[in-house]
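Given as structure tokens, the chain that follows is alone and in the form predicted alone.
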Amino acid sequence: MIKINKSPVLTSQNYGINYFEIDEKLLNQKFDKFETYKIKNDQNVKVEALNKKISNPMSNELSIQSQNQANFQKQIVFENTSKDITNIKFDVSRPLVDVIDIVVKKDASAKLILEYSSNENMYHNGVLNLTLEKDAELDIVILYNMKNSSNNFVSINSNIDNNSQLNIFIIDFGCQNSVQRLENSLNGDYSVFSLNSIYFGSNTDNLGINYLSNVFGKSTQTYMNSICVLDGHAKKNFVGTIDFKQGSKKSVGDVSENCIMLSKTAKSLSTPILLCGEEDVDGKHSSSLGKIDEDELFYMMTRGISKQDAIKLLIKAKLSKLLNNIFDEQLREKIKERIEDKLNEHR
């Protein structure tokens, strides 16, 4: 076994959440040239081959694989404000190691969708680098819809300059091992980082979520909000950290996670963390874990709604608050349909 996705702060009290362990044999894959993808973008967007190696901070083993065996490498540059939505769809029908470097130039704004789906049990090791120059804005939605016994390891790294804003939405429908590592750096003053994420775990899924926002600039804003739905024998580790560095005066940050348990056999570990090296900041964190509210459930059942349908309606109501932040209506409806399918699996 190898340890990946190390938490920013290791604590013996939360043993089992400090690392995510996987069998090293999972990394032994054959990586042929990857061509099952589609890119839709306008002429203002440059999509070119990436000619530099980028490491994967999730672990040394995954980093070596990303640097030496990547079978999809692209750099995407938004030089001006893009009128259309850039959409990249990956059909993960064979093992994929992708490295994507995205740059939003000064004063530019862009909207981007990344979709990963598989109809077979597949392996994915992905690295996504995001750089926002001064006065830039990026809205990005990342969708992982992998088959049950797939292995999905994703590392996202972002750097935000002065007066720029990054809005990320991640939707993960779970798989055998689904591990996310996101590290953001608010380098510039008055910069904004917003992360909304929804993830599901069912059957024997293992989820490892590790979000970190490093706050360097003054008067910045960090918002990280996650909702998890667990069923079956699924297990989930969540660590959400905001680290206020010295010099980050007048900055605010809020990290929260809400985990909905649909099974007595599912297991959830959650640790929201605030680190502070600056006095004049405002940080908040919260975590909640529990079943569907029995009073709400009873009320709906007295109105003739079955227990199964009532559970689905209550969950969809909670998720809709986040889903409304997705900028593309067609994708939003597609995700809602997949959520409906996922909830129909619950008995």
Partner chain sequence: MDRKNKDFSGASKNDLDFLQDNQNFYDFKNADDYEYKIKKGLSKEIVEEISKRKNEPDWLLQIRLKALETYFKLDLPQWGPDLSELDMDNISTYVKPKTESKSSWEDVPEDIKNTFTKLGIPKAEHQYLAGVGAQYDSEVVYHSIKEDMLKRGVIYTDIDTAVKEYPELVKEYFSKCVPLSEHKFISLHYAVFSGGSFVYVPKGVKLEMPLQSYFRLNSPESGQFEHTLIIVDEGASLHFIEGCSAPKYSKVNLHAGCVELFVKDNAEMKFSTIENWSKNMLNLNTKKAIVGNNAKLDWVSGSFGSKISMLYPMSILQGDNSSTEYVGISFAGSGQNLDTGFKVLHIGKNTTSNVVSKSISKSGGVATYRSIVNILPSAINAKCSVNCDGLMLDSISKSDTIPVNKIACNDITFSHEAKVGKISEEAIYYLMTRGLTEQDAKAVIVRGFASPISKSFPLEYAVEMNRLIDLELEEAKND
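Just so we're clear, the structure is a prediction, and the values are computed from it rather than from any experiment. Numbering follows the first chain given and starts at 1.
Another form exists, predicted together with the partner chain; not displayed. Remarks below refer to it.
- Shown here without its partner, the chain carries Lys38, Val47 and Leu50, none of which come within 4.5 Å of the partner chain in the model of the complex through any heavy atom.
- Comment: the partner chain is not present in this chain, but in the model of the complex one of Lys147, Lys249, His233, Lys89 has a heavy atom within 4.5 Å of it, namely Lys249.
- With the partner omitted here, the residue from Leu27, Ala70, Ile311, Val281 that has a non-hydrogen atom within 4.5 angstroms of the partner chain in the model of the complex is Val281.
- Looking at 300 to 308, 38 to 46, 54 to 62, 283 to 291, the stretch with residues near the partner chain in the model of the complex, meaning non-hydrogen atoms within 4.5 angstroms, turns out to be 283 to 291.
- At a distance threshold of 4.5 angstroms between non-hydrogen atoms, Asn196 is out of contact with the partner chain in the model of the complex.
- Although the partner is absent from this view, Lys83 stays clear of the partner chain in the model of the complex, with no non-hydrogen atom inside 4.5 angstroms.
- The partner chain in the model of the complex comes within 4.5 Å of no heavy atom belonging to Leu331.
- By the criterion of a heavy atom within 4.5 Å, Gly217 is excluded from the residues contacting the partner chain in the model of the complex.
- Residues Met261, Leu262, Ser263, Lys264, Ala266, Lys267, Ser268, Leu269, Ser270, Thr271, Pro272, Ile273, Leu274 are the members of 256 to 274 with a non-hydrogen atom no more than 4.5 angstroms from the partner chain in the model of the complex.
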